[in-house]
Structure formats: structure tokens, C-alpha cells
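Below sits a lone chain in C-alpha cells, taken as the form predicted on its own.
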């Protein structure tokens, strides 16, 4: 036995390790989410840095290009109706600061035509030309991407006027080198910041999960059977988890108490009939062995044994039903169900038994349907116990026949069930105790003292209301009100 338990424990540990290996990691997800977020932010930052470095390089070198273009423009003049230009070497000296780049230029007159520069340089700006306004743009020329500055202005003298166009271009090697240097330095900073952020996320994930580890340790260090609420300080994010665990342990404690009560009920209910059955059997045995035993005495002894067996069978059935009802109330959700079906089933099941005890059982109901939020099996057990109780305390024998009436009526917001008997009734002083477990008003009538306690549990679970009223001229009426189930027209 010990070896089998040890093997089972080792197997459970191996299964737990396999389950742990397959289980997703909350810390890994937290770090992965951080990596994704930081990666997206870093990607956007690098893209913005690249665009900014391009614009910064263009802004810096466009100033040089503008300066050179204006120097060329200052040396353009109109002499004797002809455009004259003297290219200043200072303009090219300005552009020579980018020693790896080549320079292209062209000066032409719309009226006179080509004047100087690269004659095949036919570059036009993407935007419509505006006089005296410099435009910068990129365009392919001589197999390279060139940055152009374009200017068009009018030359006038007293006799004529002409429009001069100046196009000055420079390759982008220095610009690209500057942009690359700025981008590389910025990317290094972004990557460093991202690595620091990821390190902080890894450390932060450990700190964030510390409350969960504290809850885990608090549960593992507890003694077996300790279901008291957790009393540790936790952040708001894990407070609801702690509350849920406490609620779960409270429900588990309630279940254990109910199991203990059920075990006590079973022991209490079975001990007495078993002892009585044993005594009857021993008495029958002693009478059988005696010479004075008569067939009538033997028959009476056997009848007593059969009755006691029936009582024991009823007790076992009641305990089993109580266990099923307790389980259903804890595990099954209340659903829309017909209230009439369990009532009719209970009346049919108890009708014959009632007749054997001299009680006429009748159902007074004019409703075609009655829907409540509940559990059909539990409601049927409730009705069965109420009817059994009414029949038991109304039974006076066939010569003094009485009746038990089950009434079902409808009101605006609820359905009312009445179980009416005409027995001796319940004194007012005892009405507040009839729902206590094991309480019995009369010990000369067979009973367990558990049925009405189960009825109260079922009524409370269904948020119903039960009252004990007096029947006129004598007897007892158990009245139960169930709230109607209101259909939502928007979801039907």
C-alpha cells in the first residue's frame, strides 16, 4: 500500500512537472509584450530619425547651394540686349567644401537660349516656376541623384527685357554621409535606451509577480484543512485575486461543513433504525426458539421487521436525495424551468402512499404554465418533503379520512404554492423551529427531522419565501412564493 502511494506521488510530481513545462509563462508574456512595444517605438523612432537626418543634411547643404546660386545670379547682367555672365570662382569654392561631390550648372535665356554650363542639363523643377523664387529638388542626371537649385528671374534695361534661368546641381554623396553619421549615432542611442528599458522590464516583471509568489507561499505554508481567509497586503491588481481565493475557500469551507453535517445526518439517521432492526430481529429469534412461540407472534415480529426495513429504506432514500440536492445547489446554475412539472410529479408520486395512510391528496391548479428561475429536481424534492410531512401529520386511518390540498396560484410578480393539511397543526411556539435540523414536534410519528431543513435550504437557494400558516378550522398550511421569471423581449 505504501509503495503504491509513493509511486502515485512520484507520478503526480512528474505530471506536475510536465504540466509546468507546457504552461505559458506570465513573465515571458510580460517581457514579450514589452519587447514588442519597445521594438515598435524604436522602429518608429529610427524611421523618424532617418527622415530628420535627411532633412538636416539637405538643410545644411542647401544653404551652401543657395549661396553659390546667388553668387552666380549676381554676376548675370544685360548688356546691349544680350545676357552676359561672369561665373565667380567663389561660388564653386563654396560648394568645394563637399570635396567628394560634383557640381553641374547651366545658365540660359528663354529668348537668347543656352549661355554657359552643361548644355544637356535639361532639369525642370516639379512645381510650376515662380520668378525670383529658388526651388530645391532631387533629380537623376548623369547616372547620379543630384540635388538641384533652380532660379528664374527677369533682366530689364531701357530697351529690352529677358528671362534668365539658372540651374545649379550638386551630387548627394556628402549629404548621404552626413545623414548616415547622424542616423548611426541616433540609432546607437535608441538601441541603448531600448536595452536599458528591456532590462528594467525584466527586473520589473520579477517585482510585479512578487505578490503572486507571496500568495503562493502563504497557501503552501498553511496546514492541511486551514481555510481561513488570506490576510496579506497585496497591490490593487492582485487584490481581486486574493478576494476570489478567499471566497473560494469560504465556499469550500461551507462545502466541508455541509459534508460533515451530511455525514452526521447519515450516522444519526441510520444508527437508530439499524439498532431497532437488530433488536426486532433478536426478539424474533428469541421468540422462535421459545416453545411458547405462536404463528401470530412470529408474524407480528416479521411485520415489525418489514416496517423497520421500510423506514430504513426511506431514510436512506432521503439521505441520498439530500446529498443530490446539496450537490445540485452548489454546482448547477438556476435556469428558466416550469414550476408545474415538479409539483405534478410530486403529487403523482405521493398519491398512492397518501391513500394507504387514509389521506386524500388533491392538486388545485388552473394555470397552463408557470416559469421560474430554478432547478426542477430540487423543487420536486421540496414539494415531496412538504407533501410527505402534510400526509404524515394528517393520517388518522381509513375510518377518519382527511385530505391534503396542493394549491398553485398566480400573482402579478410571483407564484404561490400552498400545501394545506387538516391535521392537529403546529403550535405557534414551535413554528420557528420546524426548519431546524433533527427537530421533531412529535416523536410518536415516524420521521427524520431532516426533510423540512432541506426544504428551507432549497427555498433560500431559489430566493423564495416560505411561511407557516394555520389552516381553518385546524391544521397547517406551508406557503411558498416563487418569483416569476421575466423574459427579456430584446433577447427573445
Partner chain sequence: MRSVVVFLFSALSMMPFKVWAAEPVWFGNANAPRVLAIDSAMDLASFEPILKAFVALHPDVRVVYRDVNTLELYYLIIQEQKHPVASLAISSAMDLHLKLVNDGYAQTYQSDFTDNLPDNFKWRNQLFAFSIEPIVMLVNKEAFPGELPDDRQSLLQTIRQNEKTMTKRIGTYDIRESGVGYLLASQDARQADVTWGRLLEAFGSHDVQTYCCTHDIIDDVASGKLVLGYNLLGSYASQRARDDSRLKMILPKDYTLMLMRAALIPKGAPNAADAGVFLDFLLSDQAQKMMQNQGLLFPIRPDMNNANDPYVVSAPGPTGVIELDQQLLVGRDYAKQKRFIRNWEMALEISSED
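Computed from a prediction, not measured in an experiment: that's the story for all the values here. Positions refer to the first chain, counted from 1.
One more form of this protein should be noted, the form predicted together with its partner chain, which is absent from this view; the next part is about it.
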{"property": "The unique member of 371, 301, 334, 103 whose heavy atoms fall within 4.5 Å of its partner chain in the model of the complex", "result": "103"}
{"property": "Partner-contacting position among 88, 113, 129, 204 - heavy atom within 4.5 Å of its partner chain in the model of the complex", "result": "88"}
{"property": "Listed range touching its partner chain, judged in the model of the complex by heavy atoms within 4.5 Å, from 408 to 416, 89 to 97, 342 to 350, 184 to 192", "result": "89 to 97"}
{"property": "Contact of residue 137 with its partner chain in the model of the complex (heavy atom, 4.5 Å)", "result": "no"}
{"property": "Non-hydrogen atom contact residue 211 with its partner chain in the model of the complex at 4.5 angstroms", "result": "no"}
{"property": "Contact of residue 117 with its partner chain in the model of the complex (heavy atom, 4.5 Å)", "result": "yes"}
{"property": "Proximity of residue 144 to its partner chain in the model of the complex, heavy atoms at 4.5 Å", "result": "yes"}
{"property": "Those residues of 167 to 204 which, in the model of the complex, come within 4.5 Å of its partner chain by heavy atom", "result": "171, 173"}
